[in-house]
Every structure is written in structure tokens, then in C-alpha cells.
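In the form predicted alone, a lone chain appears below as C-alpha cells.
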Amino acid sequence: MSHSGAEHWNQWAETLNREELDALHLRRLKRVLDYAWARSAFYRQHWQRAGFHPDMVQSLDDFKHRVPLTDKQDFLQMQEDFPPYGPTVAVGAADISHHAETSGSTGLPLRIPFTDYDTERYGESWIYGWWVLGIRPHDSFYFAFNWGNYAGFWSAYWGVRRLGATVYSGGGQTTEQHVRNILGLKPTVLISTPSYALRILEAAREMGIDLSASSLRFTYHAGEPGPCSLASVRRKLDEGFGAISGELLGIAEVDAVAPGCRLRHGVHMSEMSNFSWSMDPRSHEEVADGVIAENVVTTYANSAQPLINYRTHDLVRAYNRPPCGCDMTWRYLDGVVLGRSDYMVTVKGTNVYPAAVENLISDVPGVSPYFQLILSREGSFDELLIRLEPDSHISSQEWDGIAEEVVRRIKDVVGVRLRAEVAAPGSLPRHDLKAERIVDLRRDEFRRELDRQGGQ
């Protein structure tokens, strides 16, 4: 395939109309169902117990409503009982070429096997978002993260290899060394979480270095809300690096499911590698375009461990006919992920999604990306305290005003008045993967740690 001069990595696929996309999905989904029935003991038994057989699917509606849902907890339990992968695996050990894991940010990490084919498909999902921003095979990518088992940026590496570009690994380096490597190696693309990219900018300023004058022309991010989720993050990244920032929504065990729209107000589902639909998390019924609901995904990019009608628990505002204004026809998630259906607390009688609070905080001018949501319990009620850190250029006289603005915005949108306190700039933790913003003191392990510290 020649991409020379094209606005899209795959011009044909990315501009198919909805009717053509749906017909293609139905053919692929039938093949996925037959594959899983023949090769995965888990799916065969799971479906037999539910009275389902792949022959029952003759339409997309059949698929959405007849194929039993699956959930990460199912896979975690099977891996616990039958390590390493459980009976969901659909290939032999000799066909597994890469082992990865989820970050474990919402619980135990899930082990993920990949075949060579899976890594090619998974990596290509990144390229769609890179290409529409202007990234090309002549570019060079600097990876500012440690190369552990975490699947997220390994898949970006697979994407760079598929694109044919150059990889510079920053594994094991300090933040200051990342700054020096960017100056010395002269990459044109930075790959990192958005909060760690902002930490790199912070370190560069402390070193007296202006990275907006560096070789970087693009920065690209995943793992937490970034430039396609939050205008404030987009502005800080664009201005700080003097580059164009982009974002991808990934689900480690599934795929790089949604590369950023070129207009950078949302993301498009990678429909060459995934089929998705929106479900009311309580009734399990499909909802209309534009209604916030849970994203349910089936991947074509993981043949080793198929994920079919898989509950992501991500709350999204999705459109099958994109209103974003670009010419890509793939399903559009406006604002990317808006919350989690499986993570909600009740504060003062009001249901609060921490992810929604995070997004509101991130959009307040003067607040750094390094804030924490402290969850605790008073009697039978949940409490949520916001611990903020102002940007370093904000004077201490302005701190209380920033905290009051955060509280006001949350009250206006969520409907509950939370408490906020201010920590000194530079005092809250920094991370090179996902920012660990939620501290849940309600969990037994946190209680034991607090008791231990109190006894010292």
C-alpha cells in the first residue's frame, strides 16, 4: 500500500460509510465467534451455559444482545485458578511471542498473551492517529518510560516498527536525562503519559532549558486524560514543547482502541481492529448516539486471548456518525472517557465518579497535573478530599482562590460541595506511567498502613 501524500494511513478504510463499516463488522464478528468457539475452552463453556451458539448471530443486533457479555474479572479469576492465562487462551504456547500485563490501576494486573499477528494489528492502531497529525516514516520517536511488562507503550513501539520510523529508548533514565537525550538525539516525536510529559517540561525549566526550541514537532500520549480530553492539557503541551500534541485511548488487553481525531476534541474507535457499541450499564440495553454509556468492545487484534462483547467500564459519549467535523467516518468518542461505570462513590447523597472530578480539576487554570483525590469514610458515608498543587508560577496569594474555583466548578457540574486543600508546588508525587491520583483510604491495606505508621 502506498501512503505517499495521503491524508490517512488507510484512506479507503477510514472513510467508509457506516453501512459499509457495519457490513464489514458483521462478517468479521462471525469469524471471531467461530474462532473462539473452536479454540477457546472458556468461550465454548461460557456460551453453552448461556444457551448461545455462534450460528445465532445473523445481524449486529443479534451480536449485541445475544452474545453473552464478558468482564475483566472473569479473566482475572481464571488466570488465578489456571495460571498463567487460564482457559481463555486460544493458541498454543509456541504461538505466543510477547507477554504483557495491564497496569493494575483498578486492581490486580491482567496477564496478556500476544501472537506476532496481534502485535502487528495492535501497533497499527496507533498509526491512524499519528498519520492524521502529520507524523511520517521519516520521523523519530523518543520513548520516555521504563520498559516493563505494561502493555501500553510496548504497543506504541510495535506501531513505530510498523510505520517504519526510528525508535529512541529512554528506558531507565531520570527525568533530567530524558531532557538531555531529547536535546542530544534530536527526536521529532515524544511518547509518554501526558502528566509525565508535563513533568519533563517542569524539569527542563528547572535546568534552564526551553524545550519549545527543541527538535520535537509532535508529542503523543496515552494512559490518562490528555490533549484530546482536556483543552488545558492540550494548551500546556503544545506551548511547552512548541509541538502538536495528540492522544490515544488504549485498553491494554484489547487494543490501542481509539486514536485521536485530527481536530483533537475526541478520539475515533479503530474500526479496522475493533467493533464497539454503547450500553446502559444497568439495563444492558443499547443507547442512542450522544448518550453517555459504557463502551463495550470486541477486538480483532488479540487472537491469543479473544475479548468478545467485553465490558470496558469506560463511560463515553459516542457517535456512530461522527459530528467532529473531520472526514474520518469511524465511531467518535467526544471527550474520550468521561468516567467509570465500576468506580463510583456517594458523597453527601450524590453519586460522584472520580474520573469526572479529575477532568474538571484539570481544566482549572493554575492547577498543576499533580493533584490527588483522597477517598475516606466517615461512619457509613464516603468522603472525598481534593489535594491540589498549583503551577510553580502561581503566587501563594492566589492558592486559596484556585482551590475555591475548583470547588465551585465541581459544585456547579456534579452538584456536591467537596473540600479542597493546597499543597506546595513540587510536593506531590510524580510518575513516569499513569499518574496515581486516587488514594483510597477506605481499603483495608491503606488502613493497616496508617495504623502501622501511627504506631511508629
Partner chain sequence: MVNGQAKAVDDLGRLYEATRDLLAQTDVPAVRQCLRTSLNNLHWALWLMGAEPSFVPDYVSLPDGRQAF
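Numbering follows the first chain given and starts at 1. Computed from a prediction, not measured in an experiment: that's the story for all the values here.
What comes next is about the form predicted in complex with its partner chain, which does not appear here.
Among the residues M272, A252, A243, C324, the one placing a heavy atom within 4.5 Å of its partner chain in the model of the complex is M272. Among V67, L388, V406, V32, the residue placing a heavy atom within 4.5 Å of its partner chain in the model of the complex is V32.
The candidate site formed by A13, R27 and S303 is fully in contact with its partner chain in the model of the complex, as each residue has a non-hydrogen atom within 4.5 angstroms of it. Its partner chain in the model of the complex is approached by R39, whose closest heavy atom lies within 4.5 angstroms of it. Heavy atoms of E124 reach within 4.5 Å of its partner chain in the model of the complex, making it an interface residue. Its partner chain is not drawn, but in the model of the complex it has a heavy atom within 4.5 Å of D116. Although the partner is absent here, P365 sits far enough away that none of its heavy atoms falls within 4.5 Å of its partner chain in the model of the complex. With its partner chain omitted here, the record of contacts in the model of the complex names 86 to 94 of 86 to 94, 356 to 364, 191 to 199, 129 to 137, defined by a heavy atom within 4.5 Å.
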